[in-house]
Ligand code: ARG
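Just one chain is shown here, as C-alpha cells, and it is the form predicted on its own.
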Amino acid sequence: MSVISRMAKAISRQKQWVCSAVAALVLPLIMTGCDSKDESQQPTYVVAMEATFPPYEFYKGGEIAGIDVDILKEIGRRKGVNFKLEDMAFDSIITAVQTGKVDLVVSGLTVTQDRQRMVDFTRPYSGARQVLIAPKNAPIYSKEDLAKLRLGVQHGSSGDVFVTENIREPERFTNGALAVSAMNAGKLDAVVLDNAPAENHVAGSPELTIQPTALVEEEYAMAVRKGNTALLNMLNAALIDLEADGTLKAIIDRHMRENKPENAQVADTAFGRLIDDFKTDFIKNDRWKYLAEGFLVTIEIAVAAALVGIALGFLIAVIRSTADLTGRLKVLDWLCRLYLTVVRGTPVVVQLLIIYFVIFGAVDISKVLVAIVAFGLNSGAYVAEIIRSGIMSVDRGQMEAGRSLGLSYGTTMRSVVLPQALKNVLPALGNEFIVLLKETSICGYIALQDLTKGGDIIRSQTYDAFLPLLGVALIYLTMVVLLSHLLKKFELHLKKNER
C-alpha cells in the first residue's frame, strides 16, 4: 500500500505540474486574445480627406499625416474608436458623407451656410483665413483691382465660393498646388488659398508672397451626415476635452512649426535647378514610390476593365449583328441599343461617380472593383460597336457558306465570321484599350491612388508641377508605345495565316 500511495502522490504532483505549465502557456494567449478581441470590437469610422493640404493633411513616408490626422488619433485613443482614412478629391468629400460612403469629413473644411444645409458640423477646432498669393513684384491689390485679375482657386473650396460671390468668376483647379504652379507659369495673376497651405507654398517658392490683408476669416470643423447625432456628440465632447487641456493647441502649434518648409535654395544654372528639382520630386523621401504604386493600380484597373469590356462587347455585338442579319432577338437588341446610348452619351467620370456613390452607395465594396466595373461597362459599349462593324464587314457569303455546309448559325458565327472580324478590327480594339488606359486617370475622384494621383501627391509636397507631370506623362507614353508595339506584332502574326 505504501508503494501504491507513493505512486499516487507522484502522479498527482505530475498532474499539478502539467496543469500549471498548461495554464502558464494558455492564459497569456487567452488574455492576448481577449485584448485583440476588444480592439477589433472598437467602432471604426471612415474619414474622407483630400491629402494635399499641408499642414492639415498630407503624405509623409507613404502615410497620411498632419494636424487633422493627429487630432483624430487623439480622439480615437480617448474615446476607444478607430478611424480609417480615405484620400479623395475635395469636391467629392461632401457627397461621400451624404451618401454614406464615409462617416465623417476632416479635411480643413470651412463652415459655410451652403455646407450646413447638407451636413452637420462639429464645433470649430481651428481658425483660418483666405489669403491672396501673388508674385513678389506685384503691387498690393485692393478689392477693386482683384476684379481685373486672373484668379485661381481650389475647386469646391470656401475660397472658390468667396471669389465667385464677391469678386469674379475664378479659374478652378483640383488642388491649391496646381493653381500655384499655374501662377508660376504665368497663367494666373494671383491665387486665393487658405493661409496655412499658402504659407507652405510661399516658403517653397521664394518668388511668391502673401498679400498682407486677409480676404475673409473662417473656421475649420469636422462634418458628419445629417442626423448622425451620436457621432457628432462624441466628436464635440472629444474636441472640448482636447481644447480644455491644451492638447489641441499643442498639435496645431507643433505641425505649424515642424512642417513649414525651409526657404528654397535656387541653383545657379538651369541644369542645376533641374537636378535639384529631380532629387526633391523623386529621390527625397522615396517619392518615386507614389508613381510606382500608382502605376500598378492603373495597370490592374486597365487590364481587368479591358477584359470586362471585351467580353461584354463581344456579347452585345453578336446580339446586335444577329438582330440585323436575321431579325431575331429584337428585345435584347433594344436593350443593347439603350445601353449603348446611355454609356456613349454620358462622360465616363459621371458614370464612375454614379456607380460609386449611387449604385454601390450602401455597399462596402473595393474601390478597385468599382473602377473595374465602371471602366469595363464604358469600354464595353465602344468595343461592341467596333466588333459589330467588323462582323458586318465580313462578306455575307461567308455565313451562307457555313450554313450550306450544315453548320448552325452560332457555330458559323463563332468559327467563321468572328475570327475574320477580329482581324479587321484589331487596330481599333488596340486604340480602345489605349483610350481606356488613359481614362483611368480620373480614379482619384473615388479615393484611388492611381498613377495620376501619385503625381498629384508629389506636387502637393514639393510645390513643383513640371517634373511630376512630366514623369506621369512619360510613364503613360511608355505604356502606350509598348502596347502599340505588341499589337503590331500580334497583327503581323495573324496576317501570316493569310499567306
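For every residue, the number given is its place in the sequence shown, counted from 1. Please read all numbers here as calculations on a predicted model, not as lab measurements.
Keep in mind that the form predicted together with the ligand is missing from the display, and what follows is about it.
In the predicted bound form, at least one heavy atom of Phe53 sits within 4.5 Å of the ligand. The ligand is not shown here, but in the predicted bound form it comes within 4.5 Å of a heavy atom of Glu57. Shown alone here, Ser379 lies farther than 4.5 Å from the ligand in the predicted bound form, counting heavy atoms only. By the criterion of a heavy atom within 4.5 Å, Ser107 is counted among the residues contacting the ligand in the predicted bound form. The stretch from 138-146, 213-221, 69-77, 405-413 that comes within 4.5 Å of the ligand in the predicted bound form, counting heavy atoms only, is 213-221.
The single contact residue among Phe375, Phe90, Tyr356, Tyr125, judged by any heavy atom lying within 4.5 Å of the ligand in the predicted bound form, is Phe90. Checked against the ligand in the predicted bound form, the residues Arg225, Arg115, Lys367, Arg172 give one hit for a heavy atom within 4.5 Å, which is Arg115.
The three marked residues, Glu293, Thr298 and Thr452, fail to reach the ligand in the predicted bound form, with no heavy atom of any inside 4.5 Å. Although the ligand is not shown here, in the predicted bound form the stretch 134-171 places heavy atoms of Gln154, Gly156, Ser157, Ser158 within 4.5 Å of it, in sequence order.
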